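Here you get one chain, nothing else, as structure tokens; it is the form predicted alone.
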Amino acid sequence: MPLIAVNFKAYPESMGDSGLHLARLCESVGEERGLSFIVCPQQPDLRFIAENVRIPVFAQHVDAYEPGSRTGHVVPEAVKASGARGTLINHSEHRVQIFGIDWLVEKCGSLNLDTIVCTNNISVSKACAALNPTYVAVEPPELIGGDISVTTANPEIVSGTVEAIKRIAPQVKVLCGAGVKTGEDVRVAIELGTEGVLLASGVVKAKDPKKALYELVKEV
């Protein structure tokens, strides 16, 4: 079953009640089409949204710290307590050093939190897959937020990441992202061997998010 993970980022269109509305749209489209959705709301909305939808809610980021005197940081235990089921790690807009990724994947695993580790190329994808996250999501940074999908601009990085990861850690699932907006983008991502896509602006900033979601899933 293909997976579509929607990162709400810090867009005003996904704050508070608007974020909940968007999460519910993802839930209804997923149920109607038999697809899996994950939503990644802004941190203040984690519990609010997690308590009001049935689909998995992930944090956008988590810090590599134990609970304690950590003003302003988000620790994995707090993500778990919010009702979230997982977290993004190392998104291109919030990078984490490799030892932090390693620590976070292990810590989140101990808390039964799934992890989507974002990467920017095949080499980094291989290194992160060896840490055994739930997912690796390869996203060339230069294409993020743009109008050209990674599946069109650089399909080799997608298929190459899938091939490399399956040799190293076949249990790790692969996603791709950057510029993903259409049903063709999603279909091609699946054909290249991924389990799904990670996207943001194509849905969150769409004039009609429901229409954008149906466009995304129409070919899968």
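In case it trips you up, residue 1 is the first one in the sequence shown, and so on. Predicted, not measured: the structure shown is a model, and the values here were computed from it.
The same protein also has a form predicted in complex with another copy of the chain, omitted here; what follows describes it.
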Contact flag, K107 vs another copy of the chain in the predicted complex, heavy atom cut 4.5 Å: no
State yes or no: in the predicted complex, is some non-hydrogen atom of R187 no more than 4.5 angstroms from a non-hydrogen atom of another copy of the chain? no
Find out whether any non-hydrogen atom of D208 is located within 4.5 angstroms of another copy of the chain in the predicted complex, and reply yes or no. no
Is D45 part of the interface with another copy of the chain in the predicted complex - any heavy atom within 4.5 Å? yes
For the spot marked by L22, L35 and Y135, is every residue within 4.5 Å of another copy of the chain in the predicted complex through some heavy atom? no
Under a 4.5 angstroms heavy atom criterion, identify the one residue in E31, E191, E163, E51 near another copy of the chain in the predicted complex. E51
Where does another copy of the chain sit in the predicted complex: which of 155-163, 23-31, 58-66, 173-181, heavy atoms within 4.5 Å? 58-66
Quick one: which residues from 61-84 get a non-hydrogen atom within 4.5 Å of another copy of the chain in the predicted complex? H61, P67, G68, S69, R70, T71, G72, H73, V74, V75, E77, A78, A81, S82
